[in-house]
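Shown below, as structure tokens, is a lone chain in the form predicted on its own; questions about how it binds or moves come after it.
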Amino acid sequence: MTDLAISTHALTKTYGRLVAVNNLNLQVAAGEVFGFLGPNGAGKSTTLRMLLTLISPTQGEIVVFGKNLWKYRNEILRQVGSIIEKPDFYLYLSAYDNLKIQAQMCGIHPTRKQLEAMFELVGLSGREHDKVKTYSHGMKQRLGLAQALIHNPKLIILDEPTTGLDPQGIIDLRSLILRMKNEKGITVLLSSHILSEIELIADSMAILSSGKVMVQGRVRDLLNPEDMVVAVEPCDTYTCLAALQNSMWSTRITSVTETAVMMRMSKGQLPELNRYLAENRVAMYGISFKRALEDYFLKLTASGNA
């Protein structure tokens, strides 16, 4: 059985009548990147704050590295690094001095060589002696990761770390997260509201909505290209529907709107469907498709939770 870095059992957080997190059961395997997905307001940040003991749960249990978080709080948190919202720094000090102070606050006294190695890891080598006030947003995110890593944690928790980054900054951060996992064996719990971001980096993921886990599993299984939602957009919906209902494709129809016939099939069946419609002279504006989970997630983020 895979060792678990994090597991929660019936984790719940309420604020009066508002249920922010509802009976949450998560399992994060050690040494993996775990994507924590959901629209804004789904309860992701509340969950992460409970994992870091910044707020206490209303009920339920959190187990980290096989131990109860609240019973062994100090021992566990010494093995955890995090960035929640945005990292804070002494802007008029250098990045080097900021990192040194952070290390001392964690009770460690790294050598100059160790600090320089950390700046090399996060891609700030050569800029470590510049004042933080001169740093771009992306550079501050890198320095925040250095602060989170300085005490050699076994677990890193990141809350929307790509917010405000430009495309190159996102790519660089993604590469750094993978290095932390592959070179140091660090477990990374990464929250985001962008499915495509998680798909590129995570081993497993969970989708949260209204404080509940709606989907959880391995990314490669959940984002299966053999399970596609297909939208056929015909010039005449009635003609298209008539052609499909008299064929093997009738069982693939899931719904019909004024402008589209929605279907469910594997990606490999798309050329055959296209050929069938062409042979039956069904004029179309086009055929679009999304993986089933992707379609579900887009509908979720377009709901009242977004």
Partner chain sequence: MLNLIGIELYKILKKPRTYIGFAAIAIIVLVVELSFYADGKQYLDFVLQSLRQHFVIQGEILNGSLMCFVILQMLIVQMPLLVALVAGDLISGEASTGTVRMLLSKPYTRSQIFFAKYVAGSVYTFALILWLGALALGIGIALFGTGDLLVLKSDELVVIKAEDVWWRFSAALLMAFVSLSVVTSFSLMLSCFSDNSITPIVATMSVIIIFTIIGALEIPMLEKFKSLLFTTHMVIWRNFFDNPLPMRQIVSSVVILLGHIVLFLIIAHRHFVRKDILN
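A quick note: this is a predicted structure, and the numbers were derived from the prediction, not measured. Numbering follows the first chain given and starts at 1. For clarity, a rigid core is taken as the largest C-alpha set superposing within 1.5 Å between two forms.
The next section is about a form of this same protein that is not shown, the form predicted in complex with the partner chain.
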Given that the partner chain is left out here, which of Asp221, Asp88, Glu183, Asp166 has a heavy atom within 4.5 Å of it in the predicted bound form?
Asp88
Under a 4.5 angstroms heavy atom criterion, identify the one residue in Arg179, Lys212, Lys154, Arg73 near the partner chain in the predicted bound form.
Arg73
Would you say all of Leu77, Ser82 and Tyr92 touch the partner chain in the predicted bound form, counting a heavy atom within 4.5 Å as a touch?
yes
In terms of non-hydrogen atoms within 4.5 angstroms, which of the given stretches 201 to 209, 92 to 100, 187 to 195, 121 to 129 touches the partner chain in the predicted bound form?
92 to 100
Even though the partner isn't displayed, in the predicted bound form is Gln104 close enough to the partner chain, meaning a heavy atom within 4.5 Å?
yes
Consider Leu270 of the chain shown here, and say whether it contacts the partner chain in the predicted bound form, taking contact as heavy atoms within 4.5 Å.
no
Is Lys13 close enough to touch the partner chain in the predicted bound form, meaning at least one heavy atom pair within 4.5 Å?
yes
Do His109 and the partner chain come within 4.5 Å of each other in the predicted bound form, heavy atoms counted?
yes
Within 4.5 Å of the partner chain in the predicted bound form, which residues of 23 to 61 have a heavy atom? Give them in sequence order, or say none.
Arg49, Leu52, Thr53, Leu54, Ile55, Ser56
Once the two forms are fit on the core, has Lys131 moved its CA by at least 2 Å between this form and the one not shown?
yes
